[in-house]
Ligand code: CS2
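First, one chain by itself: the form predicted alone, in C-alpha cells.
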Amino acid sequence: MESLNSRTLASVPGTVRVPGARPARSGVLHIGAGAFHRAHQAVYTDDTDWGITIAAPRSREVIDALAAQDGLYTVATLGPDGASVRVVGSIVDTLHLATETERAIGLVAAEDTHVVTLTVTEKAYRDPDGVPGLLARGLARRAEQSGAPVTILCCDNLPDNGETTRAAVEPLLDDRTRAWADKHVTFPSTMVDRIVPASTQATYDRAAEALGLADAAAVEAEPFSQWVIEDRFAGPRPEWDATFTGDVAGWERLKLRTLNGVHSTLAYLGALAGVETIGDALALPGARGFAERLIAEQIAPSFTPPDGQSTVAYGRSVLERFANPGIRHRCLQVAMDGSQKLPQRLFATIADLTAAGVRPELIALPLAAWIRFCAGRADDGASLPLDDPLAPVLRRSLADAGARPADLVDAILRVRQVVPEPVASNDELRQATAAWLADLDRHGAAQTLESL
C-alpha cells in the first residue's frame, strides 16, 4: 500500500476532509511530538494559515514518519456512532532535538518564529539540561540577534503552567537576556482538553481503510476538544478557534481536579481490578456512583469554578466522555508518572479541602489505590509496571515500610518530592487512606467499589 504524502493526497476519497493550500513556512515551533499535540493544537492550527515545525525531544519514530509523509497525517474522531477521519496539514517541518540541538536553538531565536508551544509532560520542566535549557539558549541568541518578541506557550497539564514554564527558564538566563525577556517574552497559561489514547494497530488500520493509503503517524481522539488560552501574547499569533481569556486559573482547576483527577482515580482502581481501559473501569459495579460522589462531595467543594460553570455538571459530562466506547484509553497509560501528576490532580484538592475543614474521606481512596499500584501487584497477583521517574524512591519507601497499611501510607506521605504540607501531616487523611488500603488489600478494587 502506498503511503499518505503530498503526491498521493489527491487520491484520498471525498469522504475524508483534506487540507487546502498548505503554509509554506511555520510561525510556530512545537516541542513534543506526541499524539496529544497532533490531535489537539495541530488541528486548531490546521484551521488557520499558519504552519508548525514539530520537534521531538528523544525518539525519532513519529517525526521520521511525518517527514516521509510530507507532514501529513490523519486524526480519527471516535464517537459512540462511529469514526470520522480528516487529514491534517499544519505540520510543515520536523526536527529532532537530540541530534539537531543547534538547529533547534536557531529556531527559538529566529525572528519568524512567533510562538513556541510545548507538550513535553510534567517531568520535563524539572530538568534544566533539557527543554528549559534549550529555551534559555535560544532566547539568549534571539536577544542578541533580532530582539523580536516571542511567546512561550505551555500546553501541559500543570497548574499555572505559564508561570511554571517561566520559573523553569528564567533562572537559566544571563542578566542581559533576562532584562530583554522581561519586555519581549511572555509565558501565557493555557488549559487543554481532549482525550487522546495512544495509537495502536487499530488506529493505523482505520486510517488505511479510510484513505486507501498507509499512515504511520495516525492518531485518534474523542469528539470533544477545548483550548483556553491566557490572552497575553508578545507578538503575532494564529487565529486559533480557542477561548482567549484574562484568567485561566479557574479553568485549569476545573479540568485538572475533575477530569484529570477522576481519570487517574479510575486508572489506578482499574489497573488493580485487572481491566484494560478507563471505560472498563468506569463500568465496574459501583465505580460511576463513586466517581459522582467524589466529584460532588470532595472535588467541587475544593475550589470555585469559572463564572457560569458547574463542577458537578462538568463532572457528569466528563464521565460520559470516559464511557465513550470508541475511546479505549488504557489504564496503564493514564497511570504513568503518578508522582508528577498527582500533586496537581489529587494533593492540591486535598490541601484545599483541609483548609476548608472538609474531611478527605472519599478522596483518600484514589490515594490508597495509587499506593497499592506502586507496590506493583494487581488484585489477581499480576505484575503492574511502575513507569515513573520516582519509581526507585517509591518502591524503596514501600519495601522499607513493611506490610501494615498505616505504615505504607506513612511511607508515601513522607516522600516530599510528591506530597506537600499540610497534606503530609493530615491525620484524617492518613487514617482514611489506611482504612481504604486495608479494604483494597482484603477485598480488591472491584469489590471495594461494589460495596459502595
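Sequential numbering from 1, following the sequence displayed. The structure displayed is predicted, hence computed values, not measured ones.
In what follows, reference is made to the form predicted together with D-mannonic acid, a form of this protein that is not presented.
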| query | finding |
| --- | --- |
| Which of 256 to 264, 287 to 295, 182 to 190, 363 to 371 sits within 4.5 Å of D-mannonic acid in the predicted bound form, heavy atom basis | 256 to 264 |
| Heavy atom within 4.5 Å of D-mannonic acid in the predicted bound form - residue from 318, 134, 195, 140 | 195 |
| Answer option from 333, 200, 309, 304, heavy atom within 4.5 Å of D-mannonic acid in the predicted bound form | 333 |
| Residue 237, heavy atom within 4.5 angstroms of D-mannonic acid in the predicted bound form | no |
| Contact flag, residue 345 vs D-mannonic acid in the predicted bound form, heavy atom cut 4.5 Å | yes |
| Proximity of residue 165 to D-mannonic acid in the predicted bound form, heavy atoms at 4.5 Å | no |
| Touches D-mannonic acid in the predicted bound form: residue 114 (any heavy atom, 4.5 Å) | no |
| Complete contact of 30, 37 and 161 with D-mannonic acid in the predicted bound form (any heavy atom, 4.5 Å) | no |
| Any residue of 141 to 157 that, in the predicted bound form, places a heavy atom within 4.5 Å of D-mannonic acid | 157 |
